[in-house]
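Here we start with a single chain on its own, the form predicted alone, put down as structure tokens.
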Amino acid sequence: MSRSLEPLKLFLTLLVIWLLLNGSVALGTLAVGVVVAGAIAVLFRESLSVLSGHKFTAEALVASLLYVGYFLKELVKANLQMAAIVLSPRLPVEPAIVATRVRLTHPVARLLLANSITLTPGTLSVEMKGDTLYVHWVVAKGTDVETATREIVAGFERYLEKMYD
């Protein structure tokens, strides 16, 4: 899709989110949504859309759905693991800041990766320098780059690579 359609994609994304949050398509709700989404799309057309650079192919759309499913699965799994750690009298933690290797080059894909890692309990994205993402890991299964990349990044990255240029 051309860059000239970016504001339209942003507008539609914001409008859909607005309507979903309100749970109504009443004329007043729709009018406010159109005005606010339109203003945001015009003012921030180059900087806010999570869809900037997102491929609009069947493979990318399927990968997007699978990404959401994978994220939710990892979120539940990490919450259960963290609950078990907190409830354990030994408090079995082995915290470390580990370096991971990131293959993604698109800025939105890298942002989604870092945010997904941070939103998953037990991990926190600390810094990204070049192709290295530093992550604080509460229960480090290894501190070498390959282990950390495989355990933390690879699952998210396989979908994001299909979604973004």
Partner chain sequence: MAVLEFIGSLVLLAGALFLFLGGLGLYRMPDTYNRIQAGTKATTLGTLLLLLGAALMVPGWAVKLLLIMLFLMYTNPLSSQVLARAAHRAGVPLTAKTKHDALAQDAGDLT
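Note that the structure is a prediction, hence the values are computed from the model and not measured. Residue numbers count along the first chain shown, from 1. In this text, the rigid core denotes the largest set of C-alpha atoms whose superposition between the two forms falls within 1.5 Å.
The form predicted together with its partner chain exists for this protein as well; it is not shown, and the discussion that follows is about that form.
Within 4.5 Å of any heavy atom of its partner chain in the predicted bound form lies no heavy atom of residue 109. Remark: residue 118 counts among the residues lining its partner chain in the predicted bound form, judged by a heavy atom distance of 4.5 Å or less. Among heavy atoms of residue 124, some come within 4.5 Å of its partner chain in the predicted bound form.
Taking the partner from elsewhere, residue 44 is found to have every heavy atom lying beyond 4.5 Å of its partner chain in the predicted bound form. Checking 99, 30, 36, 61 for any heavy atom within 4.5 Å of its partner chain in the predicted bound form turns up a single hit: 99. Of all the residues from 124 to 146, those having a non-hydrogen atom no more than 4.5 Å from its partner chain in the predicted bound form are 124, 125, 126, 127, 129, 134, 136, 137, 138, 140, 143. With the core superposed, residue 143 shows a C-alpha displacement below 2 Å between this form and the one not shown. Taking 2 Å as the criterion, residue 19 counts as shifted between this form and the one not shown: its C-alpha moves by at least this amount when the rigid core is aligned.
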